[in-house]
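As a starting point, one isolated chain is supplied in structure tokens, in the form predicted on its own.
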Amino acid sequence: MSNLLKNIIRFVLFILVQAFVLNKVPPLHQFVKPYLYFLFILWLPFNVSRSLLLLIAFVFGLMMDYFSGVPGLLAAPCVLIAYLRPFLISILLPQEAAEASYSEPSIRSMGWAPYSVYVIILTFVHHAFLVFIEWRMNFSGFVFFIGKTAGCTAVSLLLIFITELLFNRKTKFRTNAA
């Protein structure tokens, strides 16, 4: 299956799972809401250009906004993590490492520790920015901001690592052969 087709299928599946499964889950607590949709952006191939990555994240976020009924709320954090993603990958991986050998970020291509740091940082940034936007709209207390950021991040990280373990992505090893 080509990378384009695989990512189109992921695009649709992440939107459907978030919109029709995770958004329908009754709230566990006022601070806890499961988010998994942004994992699509984290799983995009290494070789996607920065401008295309930002465009994909914006379109993906707008689609999530449409299905969630919150205009612009989810697109902004998606674009933010898409903007930060190349910087974080360049910090976590040497230039000659997995980026040159594998096609996309995964536990296999990056290793457990760098992949975990990559996912944890971008999940926290996504949720902190999302909750900050919600917090400014509702003028809730600072405890709400901290609690919801921590709760959503913890639940999302649990879902991400369960997804990684259940759906082992077979990453292709790139060679220099034509």
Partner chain sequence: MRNIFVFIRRFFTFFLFLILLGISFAILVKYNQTYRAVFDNTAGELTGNFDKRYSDIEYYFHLTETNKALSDQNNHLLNLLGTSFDAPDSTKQYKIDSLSNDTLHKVRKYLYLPAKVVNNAVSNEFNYITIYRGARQGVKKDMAVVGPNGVVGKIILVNDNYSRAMSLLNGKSKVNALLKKGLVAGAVEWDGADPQYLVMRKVTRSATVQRGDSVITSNISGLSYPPGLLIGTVAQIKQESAGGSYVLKIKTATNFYTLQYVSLVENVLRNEQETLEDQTP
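Numbering follows the first chain given and starts at 1. The structure displayed is predicted, hence computed values, not measured ones.
The form predicted together with its partner chain exists for this protein as well; it is not shown, and the discussion that follows is about that form.
Note on contacts: among F124, Y118, F40, F67, the single residue with a heavy atom within 4.5 Å of its partner chain in the predicted complex is F67. Shown without its partner, this chain lists I133, V48, L36, A150 as candidates; in the predicted complex, only I133 has a non-hydrogen atom within 4.5 angstroms of its partner chain. Contact check for F129: a heavy atom falls within 4.5 Å of its partner chain in the predicted complex. Remark: F144 counts among the residues lining its partner chain in the predicted complex, judged by a heavy atom distance of 4.5 Å or less.
Interface membership of L44, defined by any non-hydrogen atom within 4.5 Å of its partner chain in the predicted complex, is ruled out. Its partner chain in the predicted complex is approached by L16, whose closest heavy atom lies within 4.5 angstroms of it. For the partner-free chain shown, L16, F20, N23, K24, V25, P26 of 5-26 come within 4.5 angstroms of its partner chain in the predicted complex, judged by any non-hydrogen atom.
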